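Shown next as structure tokens: one chain only, the form predicted alone.
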């Protein structure tokens, strides 16, 4: 009895930026399927599209996978993962390998050079459109050229591509998720397998690499399903085995639209239109680039520019890529858990599990066929639950790591004791690790730069009886001589003061203090806020607030 081959899966992104959550879900499922069966998971970088690829983007993908806890057995070497006997793992470094297999196809009459210009191909498409039929390139003229004619054209430098000669007949696809499908005869044309720049197309390179890297199972998004017909005819012509296919449901927005980086672009365009901006804020983007972007909705700004503009304008962009969720303070284990539920069911009512559970239980039988809607509110609830379940020490450790990565300036302005106090005050109300930093910018704002919310001033300080300014002045008198500026010490003087001077209402005392100290009515508990700011800064802010009102402390 012959033993079954080891399961080998692969994740093969194009290095065009950070990892999209849909790609992350695919990588997670490929990893879990292989590792749960004692197999191997390969990372391969499909960088044959020179316009979209960059070395920096490749590193971004590796960082994203590592952050999610997804290690690869073979692939580019990065932080302990990768290497292997079947490299190189960047397609741009495998051109001689592809050339050998291209030559095999040409020699066997299964591929040929085609010299049509872009204008000639457009004319063929227009002719098909006029007849009311789909355009299918069949290459009768190209295949009729003699060897000598082809050699002469190539020697003269005529641009050319190499196309695969698709034979007549239906193509049957066996899919572990979607079942059996038959692509009718004539639906798959003579498609390009080498571009004019000498690089192989996705279709050709993926077939060669899957064979040579021993891939046994190809799990990828359903948007690739129609490509599978092209891959099958290539495999047959090259004498390659067919891997097992499983096409995964797309992840979409709640309204059914595809989750795309264009979602960020739409939000940013809307915000800029509402503000009637015709030129960019200084230091964000070149004015000519900005003007072109405004005029043409098909143009997208570079990710770093989009983020910079959104930050300066106070616009919250939707998270699309893994790095977006990391920056927003989501936990990697929560994101993996949530992504697993977008397209796969563990059975029963189980929703909360870790990567180890997924590795042990993931199978293709429970992969859904229909698109998975990405419920951001549910993800946030998952994250809140996970943060709430942390020990205080774990929260401090992970919040500090997040702060060092994305809020270094904030962290530099706090002592260790101040940061721990802030964590103590923020743990229970933090839905993400970033909440602690975004909602407490008042702490690292210079005393003289603090801006008071006009609505809060009018409601809390100018209104009420007694007036909020009078309450603030009374609190200042109690605080000024206090030497024990700790949560306990502050509570010891302010609670009795609230009892005697504000009718026992600590809230009526806390709100004027919050506005003076933080600029708004939202902050950690008031005793924590005073302790974190410290005596000098707290009194200075109270004095500044009173001075702005004309009230003398």
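Numbering follows the first chain given and starts at 1. Just so you know, these numbers come straight off a predicted model, no measurement behind them.
The form predicted in complex with glutamic acid exists for this protein as well; it is not shown, and the discussion that follows is about that form.
Comment: 220-228 is the region of 296-304, 255-263, 220-228, 136-144 lying near glutamic acid in the model of the complex, near meaning a non-hydrogen atom within 4.5 Å. Residue 442 falls outside the set of residues with a heavy atom inside 4.5 Å of glutamic acid in the model of the complex.
Interface residue remark: residue 10 is counted as part of the site for glutamic acid in the model of the complex, having a heavy atom within 4.5 Å. In the model of the complex, none of the heavy atoms of residue 528 sits within 4.5 Å of a heavy atom of glutamic acid. Taking the partner from elsewhere, residue 202 is found to have a heavy atom lying within 4.5 Å of glutamic acid in the model of the complex. A heavy atom within 4.5 Å of glutamic acid in the model of the complex is found for one listed residue only; from 471, 433, 206, 215, this is 206.
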